[in-house]
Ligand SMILES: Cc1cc2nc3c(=O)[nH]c(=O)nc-3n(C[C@H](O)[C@H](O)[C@H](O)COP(=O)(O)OP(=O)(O)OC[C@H]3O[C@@H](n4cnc5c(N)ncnc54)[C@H](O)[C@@H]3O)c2cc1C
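One chain comes next, on its own, written as structure tokens: the form predicted on its own.
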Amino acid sequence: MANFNIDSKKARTYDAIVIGSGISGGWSAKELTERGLKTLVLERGRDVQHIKDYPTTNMMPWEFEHRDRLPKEITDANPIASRCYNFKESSAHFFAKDNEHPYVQEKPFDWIRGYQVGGKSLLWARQTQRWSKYDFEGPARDKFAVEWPIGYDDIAPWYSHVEKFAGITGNKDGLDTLPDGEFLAPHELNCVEKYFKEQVSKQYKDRHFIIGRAAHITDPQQIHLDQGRAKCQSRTICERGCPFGGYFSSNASTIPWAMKTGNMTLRPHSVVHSVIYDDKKQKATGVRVIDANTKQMMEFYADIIFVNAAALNTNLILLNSISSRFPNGLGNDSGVLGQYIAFHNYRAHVSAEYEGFLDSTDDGRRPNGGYIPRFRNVYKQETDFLRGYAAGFGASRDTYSDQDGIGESLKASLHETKYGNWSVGSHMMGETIPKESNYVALDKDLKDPFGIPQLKISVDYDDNDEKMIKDYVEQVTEMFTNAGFKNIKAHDGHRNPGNDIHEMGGVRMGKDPKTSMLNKWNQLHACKNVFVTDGASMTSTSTQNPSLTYMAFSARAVDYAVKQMKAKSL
């Protein structure tokens, strides 16, 4: 029996464990397995294999029973998921359902999750902007919250590393506020967008409008062909899963790449309960897992552990990882675990019409849009609010058909497309400030279906956010007016925090172990063989879409961890 137990434990022992298979977990797995480490990847949801498990990817609109709309009984049963624009008949199977994965909202918070291999990398908006030095320097500049322990120069080579593999389209714009990357051919702006770009450049020295940077292959390189991926077909139904691998996802890219090494074991249906800490060894030795199908608890062991469960689930796992050494959560000597949660403020929109270029229209599809990089409080504090916002911008030609008449005349009218003015629109992407009052914690009474404490979320907007919304509306309205746009309208959607799906923090990086959880290598200050490289690690949010930064953090941290292992320092 003793030998059987030894053999059983040996079969459950690896060099490394990665918790989560989304964007950051996929990158951690790829980098670990490439370096020869036998790696166990734990995913709480089902397996989703590239192409094979994209059931709706080639369906036509008329093949959906409800024409890609969800029946009322489904939206009523999933009010949180239904507030995400990608929750459709064609993609609902990639969303966690509200009643199956409960949590406690002390304040309204839309926690959008994708529980399957690949996580939300199947559903993301694929926008990929680098941070600049000014983004990393923000907290030090305005003295709010803690400083980042790294700067742009530390992460720049790792941005390049992940961009080349993932495939990023973009234009070399030469902006110090939004550094250029390793870009594939850019998408084109249409005529009204080009006009707006000219107007912004003419009227503002500190503002710019560019084509977005996105994880779409526009010009396949050998590294993409080696992954079995092809050029993006601009189908713009990405949330169904792309059979061409035209956009980056863990399923199309990092997970199969890691599998090819022969060093990865992928275990779906594995809900991580906690990380195991050994008081005698003074390090983490493995993880406790609940099998999602059998509810059986089991343990797996490894020398290093990467927690990439997505920001709030990473907080939950660490909070639930208690021991005599860490009674308040793994590595939580500072007491800040679960605190200083932040997100992106997407509440405000501005729309308008343009009466020019009536001899032109747009044609085809483009899985990308225009982008106005942040221009507020970049170099110095200049407004009555902290930090700033970026903005999206796009233009399209309105079309309509005459619906008068009946019979043959109506049919003929419907076939004749008529054109109206151009519609233009912008949405804000504001940085929120990490505050102690925005936190997550374990509920003392309520459990989820696996017996794990439910996560209690208390996150809200503040006065800084309201001032930022006001400034965004004023500035974009001014830019639209100066460009000659008409019928300008501003709208505050009052969307809940979380609906941006960019929640960050709770396990933040920092220079001082007394005020942060992670050091400059995304390594727990108090438990050196545990690394966190997803959104939980973020010290501040800046305004850029964060996924590219998670990728770069993951690759950088793995490189450091493996070197430390070889030096026997972990």
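Predicted model only: the values in this text are computed from it and were never measured. Just count from 1 along the sequence shown to find any residue number.
Omitted here: the form predicted in complex with the named molecule. The next part is about that form.
- Here the chain stands alone, but in the predicted bound form its contact with the named molecule, taken as any heavy atom within 4.5 Å, falls in 117-125 among 147-155, 352-360, 117-125, 417-425.
- Here the marked residues S270, N308 and Y550 all reach the named molecule in the predicted bound form, each with a heavy atom within 4.5 angstroms.
- Of the residues V530, M538, L42, V48, just one reaches the named molecule in the predicted bound form with a heavy atom at 4.5 Å or closer; this is L42.
- Checked against the named molecule in the predicted bound form, the candidates N313, N345, N438, T169 yield a single residue with a heavy atom inside 4.5 Å, and that residue is N313.
- In the predicted bound form, I501 approaches the named molecule with a heavy atom inside 4.5 Å.
- Although the partner is absent here, N86 sits close enough that one of its heavy atoms falls within 4.5 Å of the named molecule in the predicted bound form.
- When the named molecule is considered in the predicted bound form, N545 lines it closely, a heavy atom lying within 4.5 Å.
- Contact check for I19: a heavy atom falls within 4.5 Å of the named molecule in the predicted bound form.
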